[in-house]
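What follows is one chain in structure tokens, specifically the form predicted alone.
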């Protein structure tokens, strides 16, 4: 029996209690198998149902899938497991320290993403359709394999300017990773637990958030900076291609979010650009 005075959250919680593997981020509750998912705030008695109703449950997948793949795939190439390179290179290690540094940076990035997904982000849409999981996994996993193959290849050569280039790239990478995390924390604090309230993000006491004065989506700005640093560090064409494709996609997202801010908030700061200060 369903108590119609409750919201959709009641159904989601009931499913979770019945079987904990179906935690809320994996659930979609619908009135029709091919219909749209109900929103958390939908009150059941306001829906087009009678005294009894049939609800359809669907597992939509999780955000973690697309980030765990690149982490594991890259490590397979780093450890040179069999059938990737020539047999004589199985489980050997590179003589170039930048290769080991690149592996640490790449692993750090995706471990950070996984932890943020679990403990930091509050998604306005807590689910991801399976078709999006397939598309995103193809993108992330494919590029991870492509760049890892060349960076960890036995014939890989270090950047042309040597240690100076690598150290500069590492500074850029770490700076932007810290900045990206700082922005995610600031955005998380804008949205109370269980709420989908939208507010204008402003700089906080954390200096890494001061970029909010100039851009609407500094998390994408820092993300771009991280991959530019990784490109400079490895001097690898597949990494540059991944950075370019990611920049194009993040620009589309940033422009969309920027337009939403302008439309929703009349007092939104006009000085801000979507992703690159004064440029884009």
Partner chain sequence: MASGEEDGTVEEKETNNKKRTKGAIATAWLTFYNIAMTAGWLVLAVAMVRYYLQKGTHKGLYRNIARTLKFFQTFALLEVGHCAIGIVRTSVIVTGVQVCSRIFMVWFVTNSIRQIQNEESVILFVVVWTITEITRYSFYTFNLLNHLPYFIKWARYNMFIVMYPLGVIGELLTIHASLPYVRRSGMYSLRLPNKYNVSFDYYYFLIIVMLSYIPCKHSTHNKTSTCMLPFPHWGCHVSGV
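Residue numbers count along the first chain shown, from 1. The structure presented is a predicted model; accordingly, all values stated were derived computationally and were not measured.
We do not show the form predicted together with its partner chain, though everything after this point is about it.
Peer 1: Could you spot which one of 69, 238, 225, 246 gets a heavy atom to within 4.5 Å of its partner chain in the predicted bound form?
Peer 2: Contact check passes for 238.
Peer 1: Quick one: of 93, 189, 157, 197, which gets a non-hydrogen atom within 4.5 angstroms of its partner chain in the predicted bound form?
Peer 2: When its partner chain is considered in the predicted bound form, the option within 4.5 Å is 157.
Peer 1: Thinking of 150, 153 and 234 as the candidate spot, does its partner chain come within 4.5 Å of a heavy atom on all of them in the predicted bound form?
Peer 2: Yes: 150, 153 and 234 each sit within 4.5 Å of its partner chain in the predicted bound form.
Peer 1: Okay, which stretch from 104-112, 177-185, 157-165, 76-84 lines its partner chain in the predicted bound form, with non-hydrogen atoms inside 4.5 Å?
Peer 2: Only one stretch qualifies here: 157-165.
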